[in-house]
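Only one chain is given next, in structure tokens, and it is the form predicted on its own.
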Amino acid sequence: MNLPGLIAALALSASTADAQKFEGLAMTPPMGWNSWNTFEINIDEELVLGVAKVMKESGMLDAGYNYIVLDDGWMTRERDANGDLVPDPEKFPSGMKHLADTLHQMGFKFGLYNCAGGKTCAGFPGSKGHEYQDARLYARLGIDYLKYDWCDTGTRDAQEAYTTMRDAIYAAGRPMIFSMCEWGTAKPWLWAKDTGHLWRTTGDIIDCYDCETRWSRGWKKIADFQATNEELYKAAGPGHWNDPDMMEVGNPGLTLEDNRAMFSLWCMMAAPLIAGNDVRNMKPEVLEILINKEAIAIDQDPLGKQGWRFYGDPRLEIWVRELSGGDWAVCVMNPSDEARECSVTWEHVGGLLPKKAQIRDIWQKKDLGTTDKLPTVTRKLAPHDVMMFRLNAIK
């Protein structure tokens, strides 16, 4: 190798050795809104600003939903003469930088989508071979969050692909959350702690309870996968989270009970809380679920331990999660399609829970007493409904 080549190789080696993801981000699971579940590629500037306005006025921003992420379809079908991605000028006539600046002024952070393949899932230009160029564009636009999908990747190695994009983001110099949407096929929970801030664990979610298609699953099937995979819940923690996909809360295929149960289990699993509904037209009871600050506090608990299903059968499930300060969260679910009486007896939960604790009912928003005075809670639950408690340890 000649001297210039050797110098270039050493420089590349040094830059690779120094590359990393941006630390200090996503110390609790990210919260926000994503366009895909409801709008797919039918997105534009007016929609985004309308969503942001409602999120701010409704209390969602104050509750923690501060990331607005545009999914697939924000760009034109071809790169420009310089090889850059081009925000669609018909959809975003004021330009993407102006939109980012406007959202920042409103108190939000802004995210975009791309893909590790040659094309995105909807057929727009992917980032394969353009990682550093695209990362520099995102930095210039003021992007705070990149969702990075896995379509049209062929035989590409997932760890190589996501590490390359991680390094490109770091080289661009703007801190942004790196959301890995690889669908769990390469088990990212085993290797991605230092690569991304969150990683998808399954295929796409759809707004149903337990239906399944070739690519998508209902929310309960996704929760069940996470509940039965010990590798998963051991991998989560501050700065690196399992992502069971964006929420379907408020979308047409879910009942009110489904909405409450899904939100509860996402909080129990320390999942990112990324709303996917049309917040401009949601019912008050849906908003009430999304901004329940006590449920959100469980999701955002700084200890960062993911909960798991302690007990499960076709008629009753009990989920538990350790919280900071010796507290625990407990969620009791009726997974059946019939209304049933469901019970939890604190001392039966494996000796995990505090010996004495104040019982706080998260959805009824009231204290029920202490575990020594109320050793069992029994309630009739509608199909798929839950009761959720925070046990505040008494020392």
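All values derive from a computational prediction rather than experimental measurement. Start at 1 and count along the sequence shown; that's the residue number.
Quick note: we don't show the form predicted together with a small molecule, though the next part is all about it.
- The listed set C181, L265, L290, I143 contains one residue whose heavy atoms approach the small molecule in the predicted complex to within 4.5 Å, identified as C181.
- With the partner removed from view, the residue among E257, D72, D167, D224 that has a non-hydrogen atom within 4.5 Å of the small molecule in the predicted complex turns out to be D72.
- Partner contacts here mean any heavy atom within 4.5 Å of the small molecule in the predicted complex, and among 118-126, 233-241, 247-255, 315-323 they occur only in 118-126.
- Taking non-hydrogen atoms only, H197 never approaches the small molecule to within 4.5 angstroms in the predicted complex.
- Of the heavy atoms in D204, some are within 4.5 Å of the small molecule in the predicted complex.
- Residue contact with the small molecule in the predicted complex: D149 places a heavy atom within 4.5 Å of it.
- Residue contact check for W36: one or more of its heavy atoms lie within 4.5 Å of the small molecule in the predicted complex.
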